[in-house]
Ligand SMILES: Nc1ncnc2c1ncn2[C@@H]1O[C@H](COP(=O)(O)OP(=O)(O)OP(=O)(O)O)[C@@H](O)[C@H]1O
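A single chain, nothing else alongside it, follows as structure tokens in the form predicted alone.
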Amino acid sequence: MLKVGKIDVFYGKFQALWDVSLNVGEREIVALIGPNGAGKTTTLRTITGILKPVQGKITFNGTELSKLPPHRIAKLGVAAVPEGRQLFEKMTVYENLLMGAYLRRKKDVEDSLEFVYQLFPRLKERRKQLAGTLSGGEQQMLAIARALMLKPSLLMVDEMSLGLMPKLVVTLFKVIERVREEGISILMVEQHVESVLRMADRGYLMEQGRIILEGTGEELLESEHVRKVYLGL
């Protein structure tokens, strides 16, 4: 479904990614792990079209994304949950959800609303509440739900668990598995390395802008480097 092939990405004169390649297949959960500053968020921003590779190619279901603007990429079915949530804080929960569906026909929106309300009943209860007044966990639910309103084929999630209580993190991981059951592929950047690799079909380890390891989730969990550096074993 998604093929990232040997991309180099710069911020001005600073090179952030070197020769990065990764794939996401249909109904797969793929983890992208690594330390802060490794280039994980840059990779997601490049896939969504916010950044452009100076070399290499990105394709989604056979369509090259590298030169498309972000709204065209979203319309193809690529949705992102950004790090830090980036909600419209002075708009209601309901209005934020509608913003996620801005590329869709009005008559198709109700089905998506029903779906996200089933995933997150709390959002239905708080649909008239301003997004900025929600708890951190509720805001993360809203960020995920807003992306799902696009009805994507690929959902990319950046640091879903950041700053959340462990109990809520477990709940959100279960939501991600439910989303996959709906036929949506998922690319996750995640600091909870063990949890995401246990759930993921495959994973990539990124350090200093390069992919240095790849394999199944189980293979990465058994990697001596991952166990020593990221799991403290």
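Remember, it's a predicted structure, so these values are computed and weren't measured experimentally. Residues carry their position along the shown sequence, with the first being 1.
Beyond what is shown, the protein has a form predicted together with the named molecule; the following relates to that form.
Residue 41 is the only one of 66, 195, 48, 41 with a heavy atom lying within 4.5 Å of the named molecule in the predicted complex. The named molecule in the predicted complex comes within 4.5 Å of a heavy atom belonging to residue 35. With a 4.5 Å cutoff on heavy atoms, residue 16 counts as touching the named molecule in the predicted complex. Contact check for residue 159: a non-hydrogen atom falls within 4.5 Å of the named molecule in the predicted complex. Using a 4.5 Å cutoff between non-hydrogen atoms, residue 138 does not count as a contact of the named molecule in the predicted complex. Highlighted residues 28, 117 and 153: none comes within 4.5 Å of the named molecule in the predicted complex, counting any heavy atom.
Annotation for 82-110: the only interface residue with the named molecule in the predicted complex is 83 [heavy atom within 4.5 Å].
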